[in-house]
Ligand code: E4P
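The data below hold one chain only, encoded as structure tokens and taken in the form predicted on its own.
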């Protein structure tokens, strides 16, 4: 399982990357807009921090516009992956880009058929949205399992990013189901690293050590 950080906040990416557990970064227009900084500058800075894939999303709606944007963005860094929306025009763009050797992340996947179409178009990565599916009462975990089965059965090289992860429980479930990657908001990493018994254990160890030191004196 690879961990991607789902943010465009450079300071947070640096902080989490220091733990040695970051394999990549995902962004989208909403996340980048929150930073109030130039898109190209932010992506290039993130690429200089993280060795793994960094997803940067196009904003065009036609295949022509997406491909034009993607070709430009792909020159910013060797580890940029172009994020493309799951639309008919998006699929056309993915097909063209895959033939040119430009890596793509097809985003906003909510069904098996969408995921399969993206795989066939040549997507490097597909992003099914776990949290958003749960919001409308759909079994997101069955989708992850089905997509992984299709990849393994038919031999597609596409990887699954479990996106819209909002809780430790969601992360653990998609990991068990074989998602290759989880993209995680920076705020969730603290929760992932903590457990009440860990905290209690450390507190007990410190108390015991203080007692020992007093006795030795």
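Because the structure is a prediction, the values reported are computed rather than measured. Residue numbers count along the first chain shown, from 1.
Missing here is the form predicted together with ligand E4P; even so, the following discussion is about that form.
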| property | result |
| --- | --- |
| Ligand-site obstruction classification: ligand E4P, superposed in the predicted bound form, backbone or C-beta within 2.4 Å | open |
| Stretch in contact, per heavy atom within 4.5 angstroms of ligand E4P in the predicted bound form, of 190-198, 8-16, 21-29, 204-212 | 21-29 |
| In the predicted bound form, the residue from 70, 163, 179, 46 that sits within 4.5 Å of ligand E4P by heavy atoms | 163 |
| 4.5 Å heavy atom contact, residue 141 to ligand E4P in the predicted bound form | no |
| Any non-hydrogen atom of residue 132 within 4.5 angstroms of ligand E4P in the predicted bound form | yes |
| Within 60-95, the residues that have a heavy atom no more than 4.5 Å from ligand E4P in the predicted bound form | 83 |
